[in-house]
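First, one chain by itself: the form predicted on its own, in structure tokens.
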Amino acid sequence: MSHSLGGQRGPAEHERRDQIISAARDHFRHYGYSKTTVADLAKAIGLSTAYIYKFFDSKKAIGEAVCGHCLGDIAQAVRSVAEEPKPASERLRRVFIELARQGAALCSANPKMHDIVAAALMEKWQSCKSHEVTLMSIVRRIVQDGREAGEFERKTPLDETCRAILLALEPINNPILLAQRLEAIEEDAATVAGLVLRSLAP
């Protein structure tokens, strides 16, 4: 997790920081973000509240770090799919489906994490903004590859194309929207991906 996230203090690499983030992640999964206080986390870890404040200036800062870890795991899974030695059209289709799978897994395995994700989205946390930048870079690389290989049209400005794809990913990328269609999310992702790919055809 990048030390550049707001609200973090002290050395960028420190065992205690990682311990606090790990304990917070477990605590949020069990009790939910809104019902957890910094004092609760301190008690769970066996540290004083004052000591935790040496590394984070608020509960939000801890939540930001936890959220960043979750989104980082999702981004890594999507990036792995995007970098496979396959045609750009197939990689883009798989990005839609993999993002849906990862989001569904998070909602199903960690329903309490919905609480922290909702806060992150509503308050526009930096972790969410960084995740969007990462997804944009993944999409841009695939589109560029597809254009160079003659798979995708080249008339539409690259930025406009990539932004449109990111907007098409929103119902899949946004955990709040995704949770409303959890049972059919992979099928929905494949359907949207198909429409996007047809629009990209030369």
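Heads up: residue numbers just count along the shown sequence, starting at 1. Bear in mind that the values here come from a model prediction, so they are computed numbers and not experimental data.
Just so you know, the form predicted together with another copy of the chain exists too; it's not on screen, but the next bit is about it.
The three marked residues, 57, 66 and 80, fail to reach another copy of the chain in the model of the complex, with no heavy atom of any inside 4.5 Å.
Using a 4.5 angstroms threshold between heavy atoms, residue 35 stays clear of another copy of the chain in the model of the complex. Interface residue remark: residue 144 is not counted as part of the site for another copy of the chain in the model of the complex, having no heavy atom within 4.5 Å.
Another copy of the chain in the model of the complex is not approached by residue 26, whose heavy atoms all lie more than 4.5 angstroms from it. Proximity of residue 21 to another copy of the chain in the model of the complex falls outside the 4.5 Å heavy atom cutoff. Shown without its partner, this chain lists 164, 149, 136, 44 as candidates; in the model of the complex, only 164 has a non-hydrogen atom within 4.5 angstroms of another copy of the chain. Note that among 168 to 176, 27 to 35, 136 to 144, 46 to 54, the stretch whose heavy atoms approach another copy of the chain to within 4.5 Å in the model of the complex is 168 to 176. Residues are counted as partner-facing when one of their heavy atoms sits within 4.5 Å of another copy of the chain in the model of the complex; in 175 to 202 these are 176, 177, 180, 181, 188, 191, 192, 195, 196, 198, 199, in sequence order.
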